[in-house]
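Next comes just one chain, in structure tokens: the form predicted on its own.
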Amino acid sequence: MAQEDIFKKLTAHCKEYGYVFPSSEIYDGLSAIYDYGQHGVELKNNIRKYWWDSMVLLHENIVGIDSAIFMHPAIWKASGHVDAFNDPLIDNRDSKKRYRADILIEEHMAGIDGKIDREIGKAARRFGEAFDEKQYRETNKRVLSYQEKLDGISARYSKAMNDNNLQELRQIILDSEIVCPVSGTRNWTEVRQFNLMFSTETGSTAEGANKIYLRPETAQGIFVNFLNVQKTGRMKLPFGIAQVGKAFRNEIVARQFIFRMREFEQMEMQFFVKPGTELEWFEYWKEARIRWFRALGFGDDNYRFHDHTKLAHYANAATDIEYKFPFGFREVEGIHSRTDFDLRQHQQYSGKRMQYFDPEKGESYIPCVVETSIGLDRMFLHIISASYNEEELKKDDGSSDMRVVMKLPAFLAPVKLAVMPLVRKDGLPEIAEKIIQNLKFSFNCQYDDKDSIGRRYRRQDAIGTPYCITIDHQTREDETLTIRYRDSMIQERVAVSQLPEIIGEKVSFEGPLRKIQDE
């Protein structure tokens, strides 16, 4: 299925079932800005909690803060954002559409990589258990041709990005015959740099207004509060500071649903370490973070590391954790060894000492930093994409039916259980309401009595509700009910009194968090 078709399907499902709405839709909306609906905000809150607890609860040496969105403009000069926070922009003269040159090239390389995967997949099916993937990669002429082409583009692209050679980026696009997705032509403009920061003004009058920026990242709020946290918390190296908050970027490419937005939320942790140990901690956090993703149960092979071909001005090591979306591998988290760049820059620009006194060495120095940075909205899309399933179900009469089911991890699901009276009479709705009143203090419950029971199951499947509780006439007699499991559709009879324990165990955050820590 084409990438755009996948996004359309996910976008439509998210809107229909209360996950994500286009912002300001009644006024025709704003590009790349979205609102989260009643189910979306619950899922987002659960993802946020999963990340926060894995950082702050599981690590005694990590604490959290919440810094302001508006910050002194000198901060962004010190961090390099004013001068260097740019993306290479290119326009297609025929469609009048604007693109990031680097994204066009990376998507083209991903397409070649996809062709290699398809060739290997066909060979694997043809040869079965006798298939040797390594040998096939090294000997098959078609695969070798694709790989040679991919390596050539990758080498040129890496050098162009490191040299900031905009002319070469355009030439790669021309030589690779990359076309505009809209016009289908290769009528490209020159590549130019585009600063991504939004600016605004503060002040009581226009004459006295000062230019400031909406923060493009949350990390700088952590750096400028480094000593505040260290001293008030009596923190010793190594220690980390975590933060969740909004950031804003005037993105050039804003056409992939919530994958790339102009207003988004970041979950970042800056880990302060002794100079000389930062690369060890970089490796530690690489493994810790990929365990966090794998604990979701979406398949270990669907994640991979992708080392940066161009390092940012502040980094001596950087990698991305990528997830295999339906439209290919894409970044979901960045891990960077930022050296001592940020604290040193803020010391220079502010004139204030940003040093840590090491009681063991009896000396002061500027710590190095290892960063883990994940977009909450992009993580949301990852969860939605991984959970969305269309299943064909065979009926007893030989016909088939289709169900759309969101196989969300139970602890992240926005609605934990739906309580359904079989009919709206005979006291069954009253029993259902009583059950909800008892459970709502622990779980997000939903009462549903509209339509047939089958339609209600399908509706809850599409929402992603892991458990449906049916109240029938037998419930009045022996205080038992039917619990139906979303993924397997198996039903079992349980006592009403068992519900808190059964549901509580299945939707608890403790299981995934223990899995992260125990591995």
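Position 1 is the first residue in the sequence shown; the rest follow in order. The structure displayed is predicted, hence computed values, not measured ones.
Form predicted together with adenosine-5'-triphosphate: not shown, discussed below.
Between the options Tyr157, Tyr388, Phe259, Tyr356, which residue brings a heavy atom to within 4.5 Å of adenosine-5'-triphosphate in the predicted complex? Result of the distance check: Phe259.
Taking adenosine-5'-triphosphate in the predicted complex as the reference, which of Ile384, Ile374, Ile116, Leu104 has a non-hydrogen atom within 4.5 Å? Of the listed residues, the single hit is Ile374.
Just one of 271 to 279, 120 to 128, 330 to 338, 432 to 440 has heavy atoms within 4.5 Å of adenosine-5'-triphosphate in the predicted complex; which? The contacting stretch here is 330 to 338.
Within 4.5 Å of adenosine-5'-triphosphate in the predicted complex, do we find a heavy atom from each of Arg100, Arg249 and Phe264? Judged in the predicted complex, Arg100, Arg249 and Phe264 all sit within 4.5 Å of adenosine-5'-triphosphate.
Is there a heavy atom of Arg378 no more than 4.5 Å from a heavy atom of adenosine-5'-triphosphate in the predicted complex? Residue-level check for Arg378: yes, a contact with adenosine-5'-triphosphate.
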